[in-house]
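Quick setup: one chain, the form predicted on its own, written in structure tokens, and binding and motion questions come after.
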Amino acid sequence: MKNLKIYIIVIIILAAAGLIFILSYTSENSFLNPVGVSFENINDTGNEVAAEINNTKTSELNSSGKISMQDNIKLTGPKVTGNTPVEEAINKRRSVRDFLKKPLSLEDVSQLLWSAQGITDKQRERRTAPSAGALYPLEIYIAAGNISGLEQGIYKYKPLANELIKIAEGDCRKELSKYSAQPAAIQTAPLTIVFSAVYGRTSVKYGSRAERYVHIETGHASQNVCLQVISLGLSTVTIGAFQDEQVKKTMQMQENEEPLYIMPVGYGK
């Protein structure tokens, strides 16, 4: 009888220890996976979403209609070495709001877009800026106003293909500037980069923390552009104050995208 009691006590202790371990493990991982879904399934979903978004087909639609493959502009490959040390670029980074009427080259535009979201690992499709869960919620648009070899218009950057997709024709700088706290910078800059995000790509894995992670990622990508600008002998300013819906409409973004950051780029005065 005494041995039976001891046996029961041992069983209870082991069961309690097991329960404590399970609760501890769940608590530790809830921070990384707050919505409690399978990481394996989410990774598959993330890869499928990224592939669908970045492999543009003729059937892709925006608010202006169907995008034709003949409107794809292939960009030059990035330069991965340069003459400007990163310390020098950090030291020289300044906000500039007034630009010369001097065109940018399409090669410089290509380099700037690569610095924001370009591919650095083709096999794993990794990019220049870190992304929570490698889900890449950011989208990059440009308002082209004075770029050699590129017609005025609105374009969307496709990182995997390293190309621009024409969204709309014509100079939209004046229209875009009306909805920003820095209108003169947008009006005079030959190029304006507009960051947007699809929050759903990140929230599917990180739940309520997705917004924080997306905003952190926007900071990573925009700082890359700030440093690349210095390396190219150009100038920029970061703009976060603007009318969201009007900017979204002007740039003809997808319904599930939200504008986050505007960066006019050019030769500073």
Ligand SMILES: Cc1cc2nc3c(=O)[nH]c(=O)nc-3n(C[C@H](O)[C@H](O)[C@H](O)COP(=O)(O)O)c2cc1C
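Residue numbers here begin at 1 and follow the sequence given. Small disclaimer: the values here were computed from a predicted structure and weren't measured.
Omitted from view is the form predicted together with the ligand, to which the following refers.
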Notebook entry, point to check: Which among 75-83, 115-123, 88-96, 101-109 is in contact with the ligand in the predicted bound form, heavy atoms within 4.5 angstroms?
Noted result: 88-96
Margin query: Under a 4.5 Å heavy atom criterion, is T238 part of the interface with the ligand in the predicted bound form?
Written below: yes
Notebook entry, point to check: With a 4.5 Å heavy atom cut-off, would you call S131 a contact of the ligand in the predicted bound form?
Noted result: no
Note to self: Taking the ligand as it sits in the predicted bound form, is Q182 near enough to touch it, meaning that at least one heavy atom pair lies within 4.5 angstroms?
What the structure shows: yes
Checklist line | Interface residues of 242-269 toward the ligand, as seen in the predicted bound form [heavy atoms, 4.5 Å] | finding: Y261
